[in-house]
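Take a look at this single chain in structure tokens; it is the form predicted alone.
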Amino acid sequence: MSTDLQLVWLKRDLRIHDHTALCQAAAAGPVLCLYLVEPTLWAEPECARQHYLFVQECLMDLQRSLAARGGTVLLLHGEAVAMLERVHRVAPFAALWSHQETGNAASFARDKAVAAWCRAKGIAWHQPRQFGVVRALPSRDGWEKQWRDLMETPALPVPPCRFITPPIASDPWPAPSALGLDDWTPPLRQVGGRRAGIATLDSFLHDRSRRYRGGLSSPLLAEDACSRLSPYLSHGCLSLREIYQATCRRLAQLEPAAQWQKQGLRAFLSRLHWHCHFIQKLETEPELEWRNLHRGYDGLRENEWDEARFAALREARTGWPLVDACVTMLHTTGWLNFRMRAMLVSVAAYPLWLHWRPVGLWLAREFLDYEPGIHWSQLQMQAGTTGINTTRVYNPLKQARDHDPEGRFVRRWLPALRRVPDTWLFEPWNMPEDVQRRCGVIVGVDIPRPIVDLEQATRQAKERVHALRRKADVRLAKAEIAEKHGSRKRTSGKRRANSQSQHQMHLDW
């Protein structure tokens, strides 16, 4: 076995195109690609069967690409250190390569254990950047330029690799139940793999992007108008740089008359920037995954947990039609557009007064495109515990009237409401009894009553949050958080406020 063997450890970068770790490893010697099914990580409460099946599809697609080039992926089932030791015993590798990962606390602990193992073995572990996230970032000043420089560096082609035959046989994929995963997968979820990702990118750049700006906020239109690239980015089937550069090329090709499409693509490019902005927050402060970013908000909701309210939210029984329709769609497809994601968290945090952490774990399982850095930053921003963002409270009745005025989305996902007259569709609990009898929908029987009084509960929640925000010590800590995590994008005045307010729960793109 060659003593200059390079082991490429695939994590959430399931591709060989624009893969910095693979390119650098191939330049250093013969290559072996490894993917680990790690029981500890899959046992984390934010993991779901749909994520596991999506990864399997991604690996199958990747195997086809590697096989065409004489390579393969060695699949092993076990904890990272033990599996690396298992490989090293039969094929001593000179270096370990993997992209930097900004994951959850469990993956961070895993990486620290791997780093210690590598030091003990005298093995160099190289971790090039995958996103515009900077490890050990001393200051946000200049961060935007670093991001842009990375995005504008030419994407890397698939390198010529000298692949070795794996020294041991791959393990079989463990059953999802053996990893403790649930028994649900959304029947209409997106399919994993680079080929599906490329097809999704092409359809967006050449057709669907013309509807992006007009359809981004609509729960009815966004399913087609949004890029739908988020799961392929979160699992690394496509690189952010590939998508950025493909979008720029498409913009350059468009005729001057294609203004709607140009506006859509420019708005999309802006969201790619915000993708990394939020992941950088978790990289800089990993604790925001489980504790309030602004410690002055500790205890705001944590000690008043209401399981009945949480169950009603999870089971689409809040009684607010748009909320329940969104939960139903999310559970069926694994996806929801940005404004409706924000509304769900707002409803959980304000009228239902639920702490963001358990809500976030539930949503992480529901979102096929779960990306820890974006997810937890956004959960806290919507819940009002960052200390630096304006309070965002979404009224689900107003959102329904604004973004589903004809009720098509609500009726699609809540069949019982198809019989309710338009007049009462968004507030069916106010239907007179004779109307309920005529349309055959009895409130409290066929459809739930609202779990709380929306207006009163929201007003009380806002009063509690704003009272805390006014405290001197809470206000004092705000500047430090803004300096550490705030965007340095060069916008000013009203434009900055609008820009910040639009980038919410935007994993959906």
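All values reported here derive from a predicted model rather than from experimental measurement. Position 1 is the first residue in the sequence shown; the rest follow in order.
Not pictured, yet referred to below: the form predicted together with a small molecule.
- The partner is not drawn, yet in the predicted bound form one stretch among 264-272, 409-417, 326-334, 102-110 has residues with heavy atoms inside 4.5 Å of the small molecule: 264-272.
- Annotated contacts: C226, L233 and E371 all touch the small molecule in the predicted bound form [non-hydrogen atom within 4.5 angstroms].
- For the chain shown alone, L322 is not a contact residue for the small molecule in the predicted bound form, no non-hydrogen atom being within 4.5 angstroms.
- Contact check for L379: a heavy atom falls within 4.5 Å of the small molecule in the predicted bound form.
- Using a 4.5 Å cutoff between non-hydrogen atoms, F367 counts as a contact of the small molecule in the predicted bound form.
- For the chain shown alone, A342 is a contact residue for the small molecule in the predicted bound form, at least one non-hydrogen atom being within 4.5 angstroms.
- Screening F338, Y244, W424, W353 for any heavy atom within 4.5 Å of the small molecule in the predicted bound form leaves a single hit, F338.
- With the partner omitted here, the residue from L216, V114, L293, I164 that has a non-hydrogen atom within 4.5 angstroms of the small molecule in the predicted bound form is L216.
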